[in-house]
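In the block that follows, a single chain appears as structure tokens, in the form predicted alone.
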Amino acid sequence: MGNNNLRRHLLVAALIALAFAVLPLFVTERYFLGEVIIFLIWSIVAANWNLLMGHAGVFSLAQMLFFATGAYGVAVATQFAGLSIWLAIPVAALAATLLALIIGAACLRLSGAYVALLTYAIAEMIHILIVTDTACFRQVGGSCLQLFGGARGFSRFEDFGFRPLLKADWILGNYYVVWAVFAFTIFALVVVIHGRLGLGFRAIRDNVGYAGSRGINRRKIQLIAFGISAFLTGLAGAVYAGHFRFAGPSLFEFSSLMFVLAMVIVGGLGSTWGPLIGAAAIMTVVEITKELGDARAIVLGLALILFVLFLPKGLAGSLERLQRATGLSRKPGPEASTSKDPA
């Protein structure tokens, strides 16, 4: 049953990756491709937050810190260390992983809401330290540049280098770089979630005492979840920086945190494909309400409240119930009945 479930989700991942791979063959409008790039990036972040919170049961609020670490890592590595962006991307992802392991080692001594509070406090502390840093690290073009860019952040650093190669079609190069990270992420997450490691995550999430009696170490297994989630989120932040040529304090803002959290909740916390569904739904709402300006935050907040109250399993859970009601879903086996993985 487990192997069949894994193969089924790997097939879905392959179809999703293929669909986005051929999309530029049919849609060439730059604005639309740019929006799809943003969707792919935020889908990665949402899916990895779902891995950590929905599957491993770690209520962390440091996900945007790992994303920002990937972005800042690329900026610092290219600006100050002179690294090529292609080398800076994996370095930045590893830096996010190392930071996550340090934070996880400290925070996972606690549980529940205490982890959420401590991880958010750490992320906010780093945010404040970056914004308030005024010490000159290097003179660039007659102006002083802080180690982490200060309140202005970094901009105009090295990108993927497709502009001189592809000329007006440079966005296609960026698109396929982001697509490659997206495809790698969804395949990796499917293997983790529907493998033995994912089973360990859900055991800890559902019943710590029982999992411990079966020899599963809570701190160890959740620290692994922290590391995997941070590495893939750091990769997303790194390609975000490469695409937009920007890394700044705005990545730490609470609105960004709530934006991604809304994707996870609306899509379905603890599901496999819910975060992608949620990302598509939230980005559609944002696009429709873009004329509202800051009032969009109110719309997202209302959506979050409504889903928490009336659809706690999100759109993925609703689709699962619809499949069962119409007889399109197969009867769950022993694994499906305990995994709480609706999609």
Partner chain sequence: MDILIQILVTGLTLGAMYALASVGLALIFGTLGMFNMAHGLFMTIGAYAAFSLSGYLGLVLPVGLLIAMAAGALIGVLTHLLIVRFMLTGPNFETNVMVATAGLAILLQDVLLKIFGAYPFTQPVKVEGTIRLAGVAITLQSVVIVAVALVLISAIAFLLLRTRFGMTIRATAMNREAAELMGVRTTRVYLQVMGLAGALAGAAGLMISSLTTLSPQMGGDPLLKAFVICVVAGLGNVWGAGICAFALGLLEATVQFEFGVRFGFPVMLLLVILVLVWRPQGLFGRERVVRL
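Quick caveat, the model's predicted, so the values are computed rather than measured. Positions refer to the first chain, counted from 1.
Keep in mind the form predicted in complex with its partner chain is missing from the figure; the text below concerns it.
*Asks:* Quick one: which of 108-116, 156-164, 226-234, 84-92 gets within 4.5 Å of its partner chain in the predicted bound form, going by heavy atoms?
*Replies:* Going through the listed ranges, the match is 108-116.
*Asks:* With its partner chain left out of view, choose which of A121, A168, A151, C136 has a non-hydrogen atom within 4.5 angstroms of it in the predicted bound form.
*Replies:* Contact check passes for A121.
*Asks:* Of the residues I265, A247, V239, I193, which one places a heavy atom within 4.5 Å of its partner chain in the predicted bound form?
*Replies:* Result of the distance check: I265.
*Asks:* Is L300 a contact residue for its partner chain in the predicted bound form, using a 4.5 Å heavy atom cut-off?
*Replies:* L300: contacts its partner chain in the predicted bound form.
*Asks:* Taking the shortest heavy atom distance, is L101 within 4.5 Å of its partner chain in the predicted bound form?
*Replies:* No, no contact at 4.5 Å.
*Asks:* So, in the predicted bound form, is I128 in contact with its partner chain at a 4.5 angstroms heavy atom limit?
*Replies:* Residue-level check for I128: yes, a contact with its partner chain.
*Asks:* Looking at the partner-bound form in the predicted bound form, is A203 within 4.5 Å of its partner chain by any heavy atom?
*Replies:* Contact check for A203: no, nothing within 4.5 Å of its partner chain in the predicted bound form.
*Asks:* Under the 4.5 Å heavy atom criterion, name the residues of 54-71 that approach its partner chain in the predicted bound form, in sequence order.
*Replies:* Contacts from 54-71: F59, L61.
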